[in-house]
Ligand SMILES: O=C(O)CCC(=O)C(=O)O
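Here we start with a single chain on its own, the form predicted on its own, put down as structure tokens.
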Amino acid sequence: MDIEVIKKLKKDYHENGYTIVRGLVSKAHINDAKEDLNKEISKLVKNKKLRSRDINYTNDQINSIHSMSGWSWTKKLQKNKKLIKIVSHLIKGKLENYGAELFAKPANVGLPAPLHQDNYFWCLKNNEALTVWIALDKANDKNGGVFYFQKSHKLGLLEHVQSFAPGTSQKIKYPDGLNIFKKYSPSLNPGDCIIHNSYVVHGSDKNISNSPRVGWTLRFKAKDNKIDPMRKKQYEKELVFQIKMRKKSARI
């Protein structure tokens, strides 16, 4: 990839908290990945390899899976030279894989994701970490595409409260304060990706369209960016409580 293109992506990322890479994955590979994805999901569900916290449903359809690191296509893309070259310019220090997820958001019933920052969930000590959000379907503001508050990553880590939303258990406590930032909703074609900083505030609306909006994410961090044990302990405590409450509510 041309160094001038890398510089532009880096500038956008640091200035806005995200940057878009068009055509990161070819259409042919996207089609192959989607076909293999159905097999991977069937295998995970059939073999009961997912904990209840790792998979969420809406109307008996999968809305999100938070443990996709073992998928063969995740491993392939983690070695993609083009992607690694880009990410290595966005994160200071040696890169480390930090997991992968699937956000299926099925047609008509896909769940919204409340406003949040990824690093509230990750509990890392700084923001040398990012998400690579790859569109497996078209994604836009009509089918629940991700939206961002430009430059909000410069605020640092904000206060969150429990959301009780399956798949996104925390939300920004004071969302009205974000009105000073421009809201941006990218339109992505299959194979496009948006790379966002772990501090940028983002979310998505419910998918009420007739089209699914499947997004697949890879996460990277600086190897020396460690987990804050106290924050992690508190987050896990809150998550366990929420899962218990969701199960209790489902039985009522």
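Just count from 1 along the sequence shown to find any residue number. It should be emphasised that the depicted structure is a prediction, and the values quoted were computed from it without experimental measurement.
What follows is about the form predicted in complex with the named molecule, which we do not show.
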Counting heavy atoms only and using a 4.5 Å cut-off, do F103, T131 and H202 all touch the named molecule in the predicted bound form?
yes
Is K221 close to the named molecule in the predicted bound form, meaning a heavy atom pair under 4.5 Å apart or at it?
no
Partner contact for T217 in the predicted bound form: the named molecule, 4.5 angstroms, heavy atom:
yes
Is H160 close enough to touch the named molecule in the predicted bound form, meaning at least one heavy atom pair within 4.5 Å?
no
Evaluate A113 for contact with the named molecule in the predicted bound form, applying a 4.5 angstroms cut-off between non-hydrogen atoms, and reply yes or no.
yes
Tell me which stretch of 221-229, 39-47, 52-60, 202-210 has a heavy atom within 4.5 angstroms of the named molecule in the predicted bound form.
202-210
